[in-house]
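The chain below stands alone, shown as C-alpha cells; this is the form predicted on its own.
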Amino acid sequence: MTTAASPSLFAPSGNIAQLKESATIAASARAKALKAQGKPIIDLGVGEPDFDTPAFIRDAAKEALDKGATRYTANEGILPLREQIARHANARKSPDLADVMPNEIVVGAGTKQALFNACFCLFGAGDDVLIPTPAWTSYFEMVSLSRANPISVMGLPANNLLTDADTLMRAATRATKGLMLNSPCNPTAAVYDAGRFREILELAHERGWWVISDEIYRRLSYDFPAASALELAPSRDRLVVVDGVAKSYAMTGWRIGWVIAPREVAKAIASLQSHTTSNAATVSQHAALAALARDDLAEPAIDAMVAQFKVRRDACLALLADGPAPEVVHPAGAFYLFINVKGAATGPNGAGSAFAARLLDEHHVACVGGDAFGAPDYLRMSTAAPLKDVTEGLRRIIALWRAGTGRA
C-alpha cells in the first residue's frame, strides 16, 4: 500500500528566500545529464579551462601529501602562500601605493568564497552596491545575501557593454557604499582600458566607495594587457582585490582564491571564514604555492594556454565575419563570446534563454542565456573547449540565428 507524499515541511528562511540557482552551474549540470544519456552535447556553457593543471603543480601537491600536508592550516592560509601572493601583487602595483603585506591577505576556498566574504563583511542592510552590467550572475546574489541592494548599471553599447565613471556617477545614490568591478569581464569578455579603469577608481575614491575588483581573468588578455586595480587606484584604503589560481593556472577544482584588503578588512574576513569554512584545503594551498613560486615554469604554461585561447577567439571572429552573423561584444580577454540573439527567439526570460533552450534541445550545444547576467537579449558561449568543438558550436549558433531572423 502506498501513501501520498507528505507536504514539505521546509520553508526557506528569509536569508535565502529570494536566492536563485547559479544559471551557469545549472546549464553545465543539464549538459552533463544529457551527455550521460548518450546525447552528443557540445558543452560551451562552463567557464572552466579545458587544459590540465601543469605537471609541476600536480607534482608539488603529491610531494606535499607525502610530507604530511593533510592537517589544518592557519585559517587565513599558510604563510608561504600569502608571501607569494604579496610578491606577485607588489610586482604589479603602483609605486605610489603601500606594499601589500601577508597579513592583508586571506586565502579561501576559491574566488567565489573570497568575493562572498568581502561582500558580507563590507555591505549590509540599506547599502547600495553598484554592479556594472552585464555581470557574473553571482555578484547580484552575493550582495543580496549580504542584505544590501545590488544596483545594476547597464554598460554602454558603444563601449563593448562596459561602464564608465560618468555612468556610475549618475547611477549612484546617497546609499551607495560600494562597487563591483571585473576586468576582463565575465560574461562579455570585454576588457577595461587603463584610462577608463583609472577614472572609475578615482571616482570611487572621491566618493568614499568600497571597490571589490575581481581579477580572476586578468592574465587572459589578448589585445592589450589587462590592468589590475593595484596599478591604477589612487589608494588602497577602500580597495579589495580578489584573485586566484583557477583560470590562469587551470586549477578550478583546487578551489584556491584570495582577497587582498586593508588590514582591518582582512581581519574581519578571516574572522568570518573561521566560523564558516576555516582554512582552504591544505594540499591545494601547497599546489597554489608552487604555481606562484615557480615563475620559470608557470609563465610558459600560462603563455601557452593564453595562446591557444587566442587561436580559438580568432577562429570565432573569422566565422562571424563570414556572412550574416549575430553581433558580439569584442572578446578582448577571458574565454567567452557574448552574442546578441535579439530577434532570433522569444521567451519570458528574453531572447537569450529561449535561444539557449532551442540550441541545446535541437542542436545539442550548451550555452547560457544572458538574462542570468542582466542582459536578456544575449547568449554566453564559452571558448574553453577544444577548437573543433568551439567552431562547430558557433556554426550551429550562427545557423540557428539565421533561421530565427530569416537571414540567409
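Only a predicted model underlies this, so the values are computations on that prediction, with no experimental measurement involved. Each residue number is its position in the shown sequence, starting from 1.
What follows is about the form predicted together with a small molecule, which we do not show.
Proximity of residue 82 to the small molecule in the model of the complex, heavy atoms at 4.5 Å: Heavy-atom contact with the small molecule at 4.5 Å: absent for residue 82.
Close approach of residue 112 to the small molecule in the model of the complex, 4.5 Å, heavy atom: Yes - in the model of the complex, heavy atoms of residue 112 and the small molecule come within 4.5 Å of each other.
Residue contact check: residue 217 to the small molecule in the model of the complex, 4.5 Å heavy atom: Taking the distances in the model of the complex, the answer for residue 217 is yes, it comes within 4.5 Å of the small molecule.
4.5 Å heavy atom contact, residue 238 to the small molecule in the model of the complex: Residue 238: no, not in contact with the small molecule in the model of the complex.
Candidate site 139, 186 and 246: all three near the small molecule in the model of the complex by heavy atom within 4.5 Å: Yes, the whole trio is in contact, each within 4.5 Å by some heavy atom.
Position in contact with the small molecule when the complex is considered in the model of the complex, options 255, 312, 93, 286, heavy atoms within 4.5 Å: If I apply the 4.5 Å criterion carefully, the residue I get is 255.
Stretch in contact in the model of the complex with the small molecule, which is absent here, among 190-198, 112-120, 290-298, 143-151 (heavy atoms within 4.5 Å): The contacting stretch is 112-120.
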